[in-house]
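The chain below stands alone and is given in structure tokens; this is the form predicted on its own.
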């Protein structure tokens, strides 16, 4: 594939075209969903094609084709260049690629347990057993779902800087979801295990134990009291810390948001963002995690990216363009990702987390005194431009006089991006990096792109945060 792409890119007239990259993409996907004892959805998909991006007179042109034939690739290249020329007449700020680095490498997927070695029936049994354990747990569980997903892909990337990279990637997930009901009270819970290393972690997951715990949580929420509302002190367990740092801070540190002025972190490098001792990391190099990858979709090797060091903002998540155009925080660090060949790349997170602190859980409760302990994320969203965020939790407890008391349900937390970090009063010593293996959604000119990510951290305590019950 490299030879075919090279033969096409060598036709580019560099006196006219500033930059071109080509990304050949191939993937296979399988999803098995079992609901209430029956197969609800079984789908498989196979994608293949090439994305071509051209920069002409400061404007981007993008075209893609579901083919690997050289004549069609040449035609698609000409389309991308033509689109860039047309767009250059209307742009207000010229894009630049001033990075002068080429990368070569080949990352071959070597799974611990190859999904090809498991039959469809064995994969179906994983989803079925997950669902059945939930369904049989208690008659008050009125809906139960088990889901198995796998995706294996290869990106072959070349550009006019000389980059030639082949990068394999796989991601696998097994999840369970349950709905419990008692009278008018309905509660939903979920849990999952995910990895990029192969199927070993899914096979090792103790389904009966984990789904029994999940079922207990669903039933327990039926008798929990509604969450209080208002400004109060909070303790967040690691999955909620992961969602918070991803939504409220990670998106605001992505280079495209910085460049376009849609981030509260623009021009903030070197400024204090959090209390001393708070360190925020995005690290796609960690082995086995859902948000890990060897090279990004521009062919840049990934690296451990420090966003906050001891409370101070020190860097952004950059692709080739933002690394070229930002004055500060402009390290090229492999953040350019695309879902498939139908989309342009853009800066994205991998594994985003707050580093460990030194306080025990009991010390955090004591520091809070009175408030709420929120657990098990439902997800959230953020507006990076003004820093406003919201996320919700499945469950939690009241904190009274430094101790956990009544269970609560259906809570939410909202505020401004920096508020939680600046109001933090303690960071726990119980770091879980993959506390929230999730899917991040983000859009650019080529549409909405879901991307596998991981979020985590230790338990943290913060004061005077807006909590909303429902």
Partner chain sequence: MEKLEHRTGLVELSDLAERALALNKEGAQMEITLTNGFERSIEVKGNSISGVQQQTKTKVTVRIYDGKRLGIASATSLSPKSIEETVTNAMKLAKLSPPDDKFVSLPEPMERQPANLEGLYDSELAYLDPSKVVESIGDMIQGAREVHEKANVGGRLNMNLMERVVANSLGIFTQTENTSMSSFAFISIPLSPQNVGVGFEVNVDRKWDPAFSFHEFGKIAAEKAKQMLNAKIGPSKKLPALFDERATYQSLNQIFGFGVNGYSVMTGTSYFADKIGAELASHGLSLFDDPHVPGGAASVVFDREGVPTTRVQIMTDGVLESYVTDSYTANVLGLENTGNAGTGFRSKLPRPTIHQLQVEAGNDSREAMLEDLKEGILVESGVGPAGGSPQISAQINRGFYVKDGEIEYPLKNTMLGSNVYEFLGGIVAISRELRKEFGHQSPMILVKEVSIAGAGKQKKQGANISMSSF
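Residue numbers count along the first chain shown, from 1. All figures in this text were calculated on a predicted structure; none of them were measured in a lab.
The following text describes the form predicted in complex with the partner chain, which does not appear among the structures shown.
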Is residue 231 near the partner chain? Define near as a heavy atom within 4.5 Å, in the predicted complex.
yes
Flag residue 400 as yes or no: does it have a non-hydrogen atom within 4.5 angstroms of any non-hydrogen atom of the partner chain in the predicted complex?
yes
Can you work out whether residue 209 and the partner chain are in contact in the predicted complex, taking contact to mean some heavy atom pair no more than 4.5 Å apart?
no
Just checking whether residue 329 would be counted as a contact of the partner chain in the predicted complex - the rule being heavy atoms within 4.5 angstroms.
no
Should the three residues 11, 113 and 306 be counted as contacting the partner chain in the predicted complex, with contact defined as a heavy atom within 4.5 Å for each?
no
Looking at 259-267, 242-250, 329-337, 281-289, which one sits within 4.5 Å of the partner chain in the predicted complex if you count heavy atoms only?
259-267
Contacting member of 277, 162, 379, 226, with respect to the partner chain in the predicted complex [4.5 Å, heavy atom]:
226
Quick one: name the residues from 123-141 with any non-hydrogen atom within 4.5 angstroms of the partner chain in the predicted complex.
124
